[in-house]
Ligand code: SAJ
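A single chain, nothing else alongside it, follows as C-alpha cells in the form predicted on its own.
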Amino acid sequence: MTLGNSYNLREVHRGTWCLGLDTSGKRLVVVGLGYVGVPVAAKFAEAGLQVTGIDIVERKVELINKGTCPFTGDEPGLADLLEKMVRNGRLNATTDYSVIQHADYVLIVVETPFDLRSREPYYKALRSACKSIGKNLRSGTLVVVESTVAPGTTNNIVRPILEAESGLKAGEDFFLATAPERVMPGKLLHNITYLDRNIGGINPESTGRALELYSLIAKGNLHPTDAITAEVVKTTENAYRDVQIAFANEIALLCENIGVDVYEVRELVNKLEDRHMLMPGAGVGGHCLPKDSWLLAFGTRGKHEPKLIAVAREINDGMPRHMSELCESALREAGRGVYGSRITILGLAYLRNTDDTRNSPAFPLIKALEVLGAIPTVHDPYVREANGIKPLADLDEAIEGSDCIAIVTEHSQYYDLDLDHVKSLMRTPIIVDGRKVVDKEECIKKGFIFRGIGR
C-alpha cells in the first residue's frame, strides 16, 4: 500500500476498517519488558509478527525465554499467552540492541520516572534506549513511543536522538509516532485489546503506519492525531483521575471531622445520574498517577503553573501520613504510644492482587511510622521484595504480637479476615482500614479499636 496521503486519518474501528497489514516476515522489537512491554509483545506475537523484547535486566530476559511470566500478580491470560508465543518461536527476549537492525517496527516502552524535587522528568532510560535504537535503526522502520511522556517529548527528545545516532531523517527515512499505553495491572491484556487508543505521528505518514500496526491488536477505536496531542491526552486523562481521587480524599477527611461515613455520602451522591465520586483511600500509587500530573505541567513550565493539579497532588501525597495519624490516634485510645508498637502493614503493592509496588503509599506510611519509633511488619501475598523490604508471606506470622493492623492494599485475601482469629493473635486489637476492606461495626463488636479513612 502506498503511504502518505492515501491514509484516511480518521476514527478507526477494528470491526469496520483495517489496513490489512501483511505480517509475514515482519519483525517487531519491544524495548522495555515491564508491565506494558511484556503483554504488548505477546499480543503482537499472537497477531503474527516475529517479536523480540529487549531489556537490560538479564534475569527478566531469562524468564521470558523460558516462557515464564516475570510478574506474580493476577494477570488473566498473560502467563498462558506468553508461554504459548515463546513455545511456538514467535517471541523471544535479549539484551542485545543489534536485533533492531532487522526490525520493521520498534516500540519504546521504558519507564519515565519523575523527580518530585526538581519537578522534571527523569529521562535517563528513555535517552539511553533512543541512543541504542538510533545506532541500529534502518531506513523504513517505524518507531513508536508507548511510554507516557511530557508533552513535546517525542518531537524534542526522541526524534533528535534517533536522527543524530542513525543519520536518518524522521518522517522521510524512518517513521515516528506515539501511542500512549492505557494499561493497568490486573487488566493488562484486556486494556491493550479493548480500550480505545490515541495514535499520533510526527507527520501523516507516521500516523498512518502506526494505525496500520495497531489495527493488528486493537478491538477498540484507534483515534489518529498528532504526537503532541496524543501526549497531552495521556497525561491529562491521568491528571483528571488524580484530581478526582483527591476530591474523594478531601471529602473523606471532611467526613471524619464531621462524624459521618464518607462511603454512605459517596453512595448517595452517585445516585444522581451525572455524578461519579470515586473511592477515597490510603494514597495514590502506581507508575502513572503520582507523576503524570507533573509531566503534563512540565509541558508549560515557565508559562503556566497549574494550581488545581498541584493541590490535588498535595492531598493525595498526604494520605499515607494521615494513615499514620490514624494509627497514632488508635494506639493512644488503647493507652499505648507509637514508639515501640508493632504495626502490621497489609499490602505493599499499590493495587489489589498485583505485585506492582511502584510509588505505593505503603512506603511513605512505613517511613512515617518508623520516624515515630514504631516497628512496622509488612505482609503481601504477591510481593517478594521491593525497596529493600521483604514482606512476610504468612499472614498469621505478620499479625502475631501486633498492636495495630493498617490495611493499605485491598488484596482479596484481606476481605476474608477472621476477626476472632486475628484478635487472638494481636497484642493490641486495633484495625486502621485505608480501603474499606473490613466492616466497621463488626470490628467494634468484636472488640477492636477501629479507625478508617473517611469513617
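Remember, it's a predicted structure, so these values are computed and weren't measured experimentally. Each residue number is its position in the shown sequence, starting from 1.
Just so it is clear, the following notes concern the form predicted in complex with the ligand, a form of the same protein that is not shown.
Residues placing heavy atoms within 4.5 Å of the ligand in the model of the complex fall in a single listed stretch, namely 280-288, out of 220-228, 280-288, 136-144, 363-371. Contact annotation: R241 falls within 4.5 Å of the ligand in the model of the complex, judged by heavy atom distances. R209 falls outside the set of residues with a heavy atom inside 4.5 Å of the ligand in the model of the complex. Looking at Y350, you'd find a heavy atom of it within 4.5 angstroms of the ligand in the model of the complex. Contact annotation: L78 falls outside 4.5 Å of the ligand in the model of the complex, judged by heavy atom distances.
A heavy atom within 4.5 Å of the ligand in the model of the complex is found for one listed residue only; from H379, R159, H322, R182, this is R182. Put simply, of I315, A170, A330, I245 only one has a heavy atom within 4.5 Å of the ligand in the model of the complex, and it is I245.
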